[in-house]
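This document starts with one chain, in the form predicted alone, laid out as structure tokens.
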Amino acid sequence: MDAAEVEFLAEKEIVEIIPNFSLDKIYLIGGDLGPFNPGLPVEVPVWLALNLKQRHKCRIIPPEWMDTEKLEEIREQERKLDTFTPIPSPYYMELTKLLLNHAADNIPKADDIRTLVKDIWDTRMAKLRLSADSFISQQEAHAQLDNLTLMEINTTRSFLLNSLNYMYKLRKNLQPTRTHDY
């Protein structure tokens, strides 16, 4: 799975919008959406919210966690603890990127939010690199990856897989070979 596929999955997350048009309920394979009434909030997937926003048909309400105070708390927790802290959205990085790129005018303190999310991401990536380094240097055979998002796992997946393959080959070559007397 690559970054584009993870972003595609993130677009299925639900956000609230305030439409500026009227439309009855729409029936989609993934579920019913609406009805849409001007000024009344409605929950829709991110892909639809972005589409409507690009056509100037709505205003996107940022997710509850996309607030500078909440993100500062998460950043501080992430910096204090050695383990990965739970993140309020499994797609926090992708949603931040999508919403700030297409609807920054609807998000208060958008630049601060962008910086805080980047700080959280950088802290988590540094932890992940340290964990991977420790994992490899201790020649472990398995690891527990609690509270990591799909994008974070995806970012380090190839490195970890290659490292594990090399460790396996080294271990295999270090084992004494058995001789069979017939």
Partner chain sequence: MPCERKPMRYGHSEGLTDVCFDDEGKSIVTCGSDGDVRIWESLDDDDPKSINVGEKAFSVALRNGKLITAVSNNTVQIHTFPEGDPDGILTRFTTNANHVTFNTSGSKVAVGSSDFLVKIVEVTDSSQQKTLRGHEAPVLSVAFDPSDEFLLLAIPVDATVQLYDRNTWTHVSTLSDDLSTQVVNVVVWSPCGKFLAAGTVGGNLLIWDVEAKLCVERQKHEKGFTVCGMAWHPSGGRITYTDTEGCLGLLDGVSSASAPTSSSTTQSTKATAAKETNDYDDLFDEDDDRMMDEGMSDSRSPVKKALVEEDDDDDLMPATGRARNRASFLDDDNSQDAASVKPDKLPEADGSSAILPPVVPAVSRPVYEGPMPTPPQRAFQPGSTPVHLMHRFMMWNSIGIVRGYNDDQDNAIDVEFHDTAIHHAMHLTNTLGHTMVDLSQEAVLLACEGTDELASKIQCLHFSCWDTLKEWMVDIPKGEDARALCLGQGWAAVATSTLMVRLFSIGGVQREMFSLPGAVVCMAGHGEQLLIVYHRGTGFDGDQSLGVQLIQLGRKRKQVIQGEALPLSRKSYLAWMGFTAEGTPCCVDSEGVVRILNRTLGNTWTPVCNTRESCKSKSDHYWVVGVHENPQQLRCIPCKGSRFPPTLPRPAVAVLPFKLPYCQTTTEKGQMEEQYWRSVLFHNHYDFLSSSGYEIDSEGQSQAQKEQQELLMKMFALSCKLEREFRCVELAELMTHNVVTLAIRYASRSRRMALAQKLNELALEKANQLHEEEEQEEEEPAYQSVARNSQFNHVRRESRGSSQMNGCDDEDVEEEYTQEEERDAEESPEIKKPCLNPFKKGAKSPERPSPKPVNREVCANPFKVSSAGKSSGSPAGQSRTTNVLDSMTMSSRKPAALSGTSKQSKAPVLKPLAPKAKSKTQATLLQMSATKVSSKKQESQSETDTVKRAPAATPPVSAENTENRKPKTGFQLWLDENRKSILGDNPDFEEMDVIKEGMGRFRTLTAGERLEWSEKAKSESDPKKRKREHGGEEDEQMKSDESGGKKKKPLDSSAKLSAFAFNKE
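Predicted model only: the values in this text are computed from it and were never measured. Numbering follows the first chain given and starts at 1.
What comes next is about the form predicted in complex with the partner chain, which does not appear here.
**Student:** Identify, from the list L52, L128, M151, I61, the residue with a heavy atom within 4.5 Å of the partner chain in the predicted complex.
**Tutor:** Spelling it out, the residue with a heavy atom inside the cut-off is I61.
**Student:** Going by a heavy atom distance of 4.5 Å, is Y168 a contact of the partner chain in the predicted complex?
**Tutor:** It does not: once the partner chain is placed as it appears in the predicted complex, Y168 has no heavy atom within 4.5 Å of it.
**Student:** With the partner left out here, check for me: in the predicted complex, does some heavy atom of F159 sit within 4.5 Å of the partner chain?
**Tutor:** No, F159 is distant from the partner.
**Student:** Please check if T123 has a heavy atom lying within 4.5 Å of any heavy atom of the partner chain in the predicted complex.
**Tutor:** Because no heavy atom of T123 falls inside 4.5 Å of the partner chain in the predicted complex, the answer is no.
**Student:** Would you check, heavy atoms only and a 4.5 Å threshold, whether P41 touches the partner chain in the predicted complex?
**Tutor:** So P41 counts as contacting the partner chain.
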